[in-house]
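Just the one chain here, the form predicted alone, laid out as structure tokens.
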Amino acid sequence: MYGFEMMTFNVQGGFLEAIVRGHRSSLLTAADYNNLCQCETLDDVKMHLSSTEYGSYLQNEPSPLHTATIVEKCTLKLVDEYKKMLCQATEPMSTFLEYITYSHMIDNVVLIVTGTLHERDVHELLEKCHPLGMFDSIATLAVAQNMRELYRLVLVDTPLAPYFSECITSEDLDDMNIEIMRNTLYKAYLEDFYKFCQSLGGATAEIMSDLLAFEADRRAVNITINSIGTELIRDDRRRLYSNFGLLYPYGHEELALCEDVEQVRGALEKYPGYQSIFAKMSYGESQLLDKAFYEEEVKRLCLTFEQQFHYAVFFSYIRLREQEIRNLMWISECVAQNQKSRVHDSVVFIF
């Protein structure tokens, strides 16, 4: 039914699409970031943000401010907006919005399990969890000793349950197994989200396929780079890659064989979509790769707003707002630690 969305989309989705496009216009601009980068203290950051939509969330915070407080309040704004949209959404949009939070659920599960392994306080860990990824039984994750228990005691009643079919083993949880679990869950989640978007058809399927394929490819690159020099064998590495994306399947075969970052670069430069990312970096500058991927992602997310009558704008808005919060966290940390010379290093401009 591609091309016919305009006939029926506004019946259920028109109001919320208008709302999210309005929220998008409140994202910080390059001028805002330039002003924030000139701030001398965190109170100056707060003062500048008071003229934005973050103002009402920060206005009652006493001095001295901390970076964690700014990030927490900015995240709270995103969560409030998400919950308002979810409350008014009908099927299949409500399911689409719920899918967006599953990545945060996975991150929260890994955070709790890793923290428990290193004997961190559960309440302290819960405070660090992302609010969009919370679920009722998350605090009981601390009792699990292996992945089988993790599934049986806690995750069987959560939306993540279907993704655990490839993870269930009786091996004790250690840092390596937890990282493999995270990437296996992400693989299953991305593939499931991709299939769901394909079932929706139309512009949503077309645009979300591109965004999710980019996410799958980025994760494949990160898995490859992070596993270089570890005990992870090539076949295990290959199994962690998602079964779709621009790099699937031939790019995955090359990535599985890579033994250093320059070989990864050589494998990806064959693909025009990723050649431009590596063109921004000199050889040996792999630490800039994350920022280059974020910049490319932001560019793609912004383009989704050029079309109408699709759900991808909701995914894009939440991702752009999360990028904005990362920017604010980096700027706040640089200001707090008096490292203003580095303030532009990790800021990704959205507009």
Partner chain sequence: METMKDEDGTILKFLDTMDNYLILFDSLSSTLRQGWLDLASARHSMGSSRISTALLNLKEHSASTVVRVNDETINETSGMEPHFTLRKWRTCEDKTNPIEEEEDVQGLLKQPSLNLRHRGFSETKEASNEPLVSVDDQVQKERSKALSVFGALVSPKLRSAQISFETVLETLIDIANARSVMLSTFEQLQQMKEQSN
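These numbers were taken from a predicted model, which means no experiment stands behind them. Numbering follows the first chain given and starts at 1.
One more form of this protein should be noted, the form predicted together with the partner chain, which is absent from this view; the next part is about it.
### Task
Please determine, with the chain shown alone, which of 221-229, 252-260, 155-163, 188-196 has non-hydrogen atoms within 4.5 Å of the partner chain in the predicted bound form.
Among the candidates, contact is made by 221-229.
### Task
Using a 4.5 Å heavy atom cut-off, state whether Q337 contacts the partner chain in the predicted bound form.
Close contact exists here: in the predicted bound form, Q337 approaches the partner chain to within 4.5 Å, heavy atoms only.
### Query
Is Y294 one of the residues lying within 4.5 Å of the partner chain in the predicted bound form, judged by heavy atom distances?
Y294: yes, in contact with the partner chain in the predicted bound form.
### Query
in the predicted bound form, does R182 have a heavy atom within 4.5 Å of the partner chain?
The answer is yes: R182 has a heavy atom within 4.5 Å of the partner chain.
### Query
Just to confirm, R148 within 4.5 Å of the partner chain in the predicted bound form by heavy atoms?
Taking the distances in the predicted bound form, the answer for R148 is no, it never comes within 4.5 Å of the partner chain.
### Query
Looking at the partner chain in the predicted bound form, is some heavy atom of each of L117, R326 and W330 within 4.5 Å of it?
All of them do, each having a heavy atom within 4.5 Å of the partner.
#### Entry: Partner-contacting position among A89, L125, L78, L132 - heavy atom within 4.5 Å of the partner chain in the predicted bound form
Partner contact (heavy atom, 4.5 Å) among the options: L125.
### Query
Quick one: of D290, E61, D44, E53, which gets a non-hydrogen atom within 4.5 angstroms of the partner chain in the predicted bound form?
Checked against the cut-off, the match is D290.
### Message
Using a 4.5 Å heavy atom cutoff, which residues in 94-109 contact the partner chain in the predicted bound form? It's fine if the answer is none.
### Response
If the 4.5 Å heavy-atom criterion is applied to the partner chain in the predicted bound form, 94-109 yields only D107.
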